[in-house]
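Encoded as structure tokens, the following chain is the form predicted alone, with no partner shown.
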């Protein structure tokens, strides 16, 4: 069996890892010109972590993890307004999204064609799909998988219709980058620090080698992306104080900037074309757990493709049935969580800080963690066996 996977991110690479070990011929194409490093910090646990453990990757991930000891908020002068100690949650691995993807990539043998996209898709009857690539080549495969993100090209070609038919804009833009600055890295330290004013959030965490990971989130009614993302960030955040006056001039050329969205579809497959990860299941930055859900979905898809009766469309249907309810639950949590992560008023900011102070009371930390997790931390963890049976 042959599979072509569009998108060499966490979802696509995880699927390739599983399929190649089941004897499939797998190739990936990726629109980026090279492997995408960096990204923002993620908390990785639950079903995705279980998949990584089955793949033998967790020892490496724990080497790459960062010891996030505290979540805290600061004011314009850098003074702490509230905090939440993260000790005791060893099951949560905090690391850069790019480090997780790199770990999977290093364990995956399937070749990746960078700077290449899918240009045409033709379903040639029930037995094959012919794919034309941007490099001029054509490939006939048993399965085409679009793991190419919320703005999926495979989804556009195989399912049709405008992007807003599937993509729900959540009213915010997000940016992330890594800068190198020893003094700023030491000032922030191994604590995740955030500054919030109504409609704006800036976060930072110190990385190895004098680096600093930064995340920006701002309320924006217009989903259109700006022509000058770095200039937009400087305009929004330039007068907010804290470390921002020193950090904003250091924004790199490869700054990540996008809408905050969710993807909702009636079906995740059509014939021998399937979607995976953010292409059909984007839960949004507000929900978190996107990397975990991507790895769980890749495992479920591979499981159905390689352990069934050979009926590929039926396997794709079962994959969707196993994953859909969990994705819907996580997406709903993300929409509820917007006012916690990006409060729209000073009153909501004050309420959030008050809750964090209460969390310092004995036993309250577990209650707070449950409130910050879709379905509760224990429920998400318990679903691992259901998703990866």
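Small disclaimer: the values here were computed from a predicted structure and weren't measured. Numbering follows the first chain given and starts at 1.
FYI, the form predicted together with a small molecule isn't displayed, but the following is about it.
Undergrad: Answer for residue 50 alone: is it within 4.5 Å of the small molecule in the predicted bound form, judged on heavy atom distances?
TA: No, residue 50 sits far enough from the small molecule in the predicted bound form that none of its heavy atoms falls within 4.5 Å.
Undergrad: Does the small molecule get within 4.5 angstroms of any non-hydrogen atom of residue 153 in the predicted bound form?
TA: Result yes; residue 153 sits at the interface with the small molecule in the predicted bound form.
Undergrad: So in the predicted bound form, does any heavy atom of residue 337 sit within 4.5 Å of the small molecule?
TA: Looking in the predicted bound form, residue contacts with the small molecule do not include residue 337, since no heavy atom lies within 4.5 Å.
Undergrad: Is residue 196 one of the residues lying within 4.5 Å of the small molecule in the predicted bound form, judged by heavy atom distances?
TA: Residue 196: no contact with the small molecule in the predicted bound form.
Undergrad: Answer with one of 36, 352, 322, 60: the residue that has a non-hydrogen atom within 4.5 Å of the small molecule in the predicted bound form.
TA: Exactly one residue meets the criterion: 36.
Undergrad: Exactly one of 300, 143, 131, 291 has a non-hydrogen atom within 4.5 Å of the small molecule in the predicted bound form; which residue is it?
TA: Of the candidates 300, 143, 131, 291, 291 is the one lying within 4.5 Å of the small molecule in the predicted bound form.
Undergrad: Flag this candidate site as yes only if 42, 147 and 278 all have a heavy atom within 4.5 Å of the small molecule in the predicted bound form; otherwise mark no.
TA: Result yes, every residue of the spot touches the small molecule.
Undergrad: Pick from 222-230, 283-291, 67-75, 160-168: which stretch has non-hydrogen atoms within 4.5 Å of the small molecule in the predicted bound form?
TA: So the stretch in question is 283-291.
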